[in-house]
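Next up: just one chain, as structure tokens, the form predicted alone.
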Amino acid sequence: MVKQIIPANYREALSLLNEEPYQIIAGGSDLMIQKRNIAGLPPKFEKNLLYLFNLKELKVVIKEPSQIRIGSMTSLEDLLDHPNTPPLLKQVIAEMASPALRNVATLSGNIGNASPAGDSLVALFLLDAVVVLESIGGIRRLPIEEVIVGPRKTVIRANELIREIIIPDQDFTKVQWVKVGGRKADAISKVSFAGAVNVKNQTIQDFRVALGAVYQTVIRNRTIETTVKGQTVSALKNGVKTALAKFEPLIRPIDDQRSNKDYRKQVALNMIKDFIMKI
């Protein structure tokens, strides 16, 4: 039988994790489903459990001059209600799960779960989020794209915790979020899209696109984005086929119970085109 440990504070959690491996659990909205058992039996956890959701030190949202810091145990519902949460992230969270689940689910849980269909990850990739990892040995700060390396795969070490997520302040003239699923909310995405652009004097200063559920990780390609910066809006719209041709090879979805790869690919390309044409 696995042990279930509730540390009294963050430092105790780091110490415990340094002594032996644990399955870290926050709200459990992903893990309890993944580890579910037949009716009447407890979930099938193989490792001892370390519960962190009670740690008040990690339930913070701190606004600084050039960034916002989100503690790893801050619930999605708290972020939805917080005045300093980036507007795009609020849009995404509003269409995630149900209010009951949002009260226990966290961004760090989505990061640790590392699902290609994780809606919050699309926003975090787009917003240049940095994940702060901490162990007894020290702190690492990594861009989110370096943390998530594949489906259910991260570079988080066995003795590390996600301490916080940092999102830099950013200036956009337009952001767009689109989720395609069986329902508007409380459903896993078939395809998800986030786009952001900053336009001054009809010239594109910043351009970003992120896609979920169409590859092993969230897709965001900075090389393509760089080719768009400096173009006029009209030039980008007139060359939209060229832009789509650059994204097309990156979009490699799979067939599964929610959708098929051909549908996903076409929808993803349509989302990019729609975003560009609405700039």
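Just so you know, these numbers come straight off a predicted model, no measurement behind them. The numbering used is simple: start at 1 and walk along the sequence shown.
Separately, the form predicted together with a small molecule exists; it is not shown, and the next lines address it.
> Does any part of I33 reach within 4.5 Å of the small molecule in the predicted complex? Heavy atoms only, please.
Contact check for I33: yes, within 4.5 Å of the small molecule in the predicted complex.
> Considering only heavy atoms, tell me if I70 and the small molecule come within 4.5 Å of each other in the predicted complex.
Judged by the heavy-atom cut-off of 4.5 Å, I70 is well away from the small molecule in the predicted complex.
> May I ask you to state whether L80 is within 4.5 Å of the small molecule in the predicted complex, using heavy atom distances?
Looking in the predicted complex, residue contacts with the small molecule do not include L80, since no heavy atom lies within 4.5 Å.
> Is G27 a contact residue for the small molecule in the predicted complex, using a 4.5 Å heavy atom cut-off?
Answer yes; at least one heavy atom of G27 falls within 4.5 Å of the small molecule in the predicted complex.
> Would you say all of S108, D119 and L161 touch the small molecule in the predicted complex, counting a heavy atom within 4.5 Å as a touch?
Checking in the predicted complex: S108, D119 and L161 are all within 4.5 Å of the small molecule.
> Of the listed stretches (135-143, 193-201, 89-97, 166-174), which one has a non-hydrogen atom within 4.5 Å of the small molecule in the predicted complex?
This holds for exactly one stretch, 89-97.
> So which of Q23, Q266, N9, S15 reaches within 4.5 angstroms of the small molecule in the predicted complex, heavy atom to heavy atom?
For this set of options, the contacting one is Q23.
> Check each of I188, V178, V147, V130 and return the one that places a heavy atom within 4.5 angstroms of the small molecule in the predicted complex.
Only one option qualifies, and that one is I188.
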